[in-house]
Every structure is written in structure tokens, then in C-alpha cells.
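Provided below as C-alpha cells are two forms of one protein chain, presented individually as structure 1 and structure 2.
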Structure 1
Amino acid sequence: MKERILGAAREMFLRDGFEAVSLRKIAESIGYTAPALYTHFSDKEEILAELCRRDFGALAVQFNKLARVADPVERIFRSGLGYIRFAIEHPNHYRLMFMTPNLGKIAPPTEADIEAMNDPDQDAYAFLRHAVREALECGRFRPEYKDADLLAQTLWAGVHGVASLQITHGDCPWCDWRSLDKRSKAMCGSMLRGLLRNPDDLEGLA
């Protein structure tokens, strides 16, 4: 039953907006009574928090597959491609995670969530920031770039743009879209080339 609740809630949050959804409406959509839902979740905020916890965990699992890539620059590049791929393969998850306004205020993280956010094994942003710090320590970025979080957030913004445009406008006929693979590699490659001390570090990747 819990999985049905989460699945229905995800669809309704995306379709109707979080504020318009109630536990009663979620219950009705799957043929249950509201009191039955209370045995699993105390309110819709708890449902949203559980969805986010699962979805961010799934993204972290994808990133951790790249942990064995020794070169931090290559790891950053491949993380960007992996991020976009995750978004396109799981568009509803992605919309909820990264396209829901005020998500952190609606479903604030617990202490355990915050602890996980600082662990590269459990959090995708921490994974990216760790790779960026490695590259900084090796002197791979241009000398004017010293802030790992600034670099990670800039790189994140670029791949988010590719992912969100594909999800929201990928089937629009007014734009002669190039392939997602080409756009993904162009974004990841161009961003890194502009930041790296030696742009040739990307040779063979992009």
C-alpha cells in the first residue's frame, strides 16, 4: 500500500501542484480512506519528504557508479552526462526533485538527511563537489577558480538547463533540436574547457 500511496502522490503533486493535493484526494485516487493513509504517513509533507529521500538516493546511486573513475576531471564530465541521463530516464522524479518551487521549505530535511547531504556516497551534489575539490587540489582548474561549491553549482546549472529543456520542450516542433547526446556532451565539454587550466584534459571525452 505504501508504494501505491507514493506513486499516486507523485503524480498528483506534479499534475495539480503540492498545495492543491490533500491526503483525502490521494486516498480517493487509489480507492482507500484517508484514515488508512495515516497508518503510513502523518501528512502530505511527510509523503513528499519520503519521495525526495528515495529520488535523491537513486540519483546518488547513479553517481556512485562513477566512483572508480580515477581522473577527477573525467569523473566530473561523466557525472554531468549521468545527471542528464537520469533526468530523462526519470522525468517525473526529476520534476519533483529539481522543478518543484520551495521544495526545501515544504519538506525540510531532517538531521539524518543533512548528514547524508555531506556524504559523497549518499548525495550526488556532495559527490560532484568532492570531484571538483580533487581537481582543484591537483591544479586542474584555472587559478582564478578556487571555490569548489561555486564550480560545482555552475556545472550543475549547465546540465540542469539541458535536462529541464529536454523534459519540458523536447517534443516542441518549433526548434530543430540536435540530439540529446550531442547537446549533453557540448554542454559538459564547453563548461569544463572554460574552467580548466589545460582544456586538452578533455581530449577523447568531448
Structure 2
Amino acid sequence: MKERILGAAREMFLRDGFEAVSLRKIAESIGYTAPALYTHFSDKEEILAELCRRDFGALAVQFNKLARVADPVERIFRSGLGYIRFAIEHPNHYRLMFMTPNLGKIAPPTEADIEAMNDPDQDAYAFLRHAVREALECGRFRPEYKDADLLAQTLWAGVHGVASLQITHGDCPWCDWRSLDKRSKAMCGSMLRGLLRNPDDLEGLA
């Protein structure tokens, strides 16, 4: 039934990418025929959307394991590096979740979703925002930065930029890339130092 479809679809999407997987192949791999999928999903994109909804939580779990550090600034720094590593280790998964503009048409979040969105254990963005808020409350950031959401969104954009450029153009012969490790640390280091009230807080991390 529904779970088998999602399982097969996830495996194939992650291995071959969204566009390379056809409904016929998904159906065949679990012994069904293509139109059968339409009794459970309204179209191909809804399968993708359902997978994304579920896997956002999994990313957050990995996040929490990865970055249980007392100091919020160090936690943000490590989260950034971990985020990029996650993206590069699961490029198709990452592309599915953060580089495909198909979430605009999915249903708006339910109340349960909103609750999960605010739980740092279930949502990676909430995890980041929580750390930012902690650092803000300790007065670690410069006084002109007060909005935890703005800062979290900016930090997220920074690591997303490194990750997505690597995924789409990492092997482009036109680009003379520095190593991904250097770029990741330069991004997390420079962005964070630019936010900090005392730039020396970053000593020993970069």
C-alpha cells in the first residue's frame, strides 16, 4: 500500500534523482502498475512532497546527535559544517528537500506541523534558531542584530550556498574550486565572526 510506494520511491529518488524515476518504474518495483499510484497520490509531485515532509524530521534528528555542545556559538559553527556534510553525502536527498521549488503548492502546514516546526528536536531550522536565540540572550552577538529568525535564515542561506553550489557545479571544469572543507570553514567562520560582538569568541574553531 501507501508505505510500500513511499519506500520504493524514496530509494529510487535518492539513487537516481527525481526526474530520472518514472511512475512505471516505481510501480513495477513493488509489483504494481502505474495508475495504481493514483489511488494513493494525486500526482508524482505529491509523492515527493510526502517524502520531504517525513525526511525533514530525520535531518533534525541527525542534527541533534551531531551538535550537542554547550556553547551556542560553537554549536552553530558545528551545525553549519555538519549541514554541508549531510548535503554532500546525500546530494539527491538534499536536492529533493532544498533545491526543488515544488513545496509552494503543497498543502499549508497543519497545526501538528506548526508544533513540530517549533520543536528543535524535530525541525532542523528550529534547532538553529534555538541556538541563535541562546547566543542572543547571552549577548554574544553585536547589538544591531536582534532578530533570531533573520540571523538563522542568514546562516542557513550561507551553508546552503556552499552546499548547493558544490552539488550543481562541484565538478564544473570552468570553476577552479578551493577544497570544500576550506570553503565550508571560511563560510561558517566569516559569517559567524561578522555577527559576534567579540570576534575572538571564534578562536580555536576555525
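Structure 1 provides the reference sequence; residues are numbered from 1 along it. Basically, rigid core = biggest C-alpha set you can superpose within 1.5 Å across the two forms. Treat the numbers as computed from the prediction; the structure is a model and nothing was measured.
- The form predicted on its own is structure 1, not structure 2.
- Here the chain acts as two rigid units, and between the two structures the smaller unit rotates by 47°.
- On core superposition, L14 has its C-alpha offset by 8.9 angstrom between the two structures.
- Core-based alignment between the two structures gives a C-alpha movement of 3.7 Å at K44.
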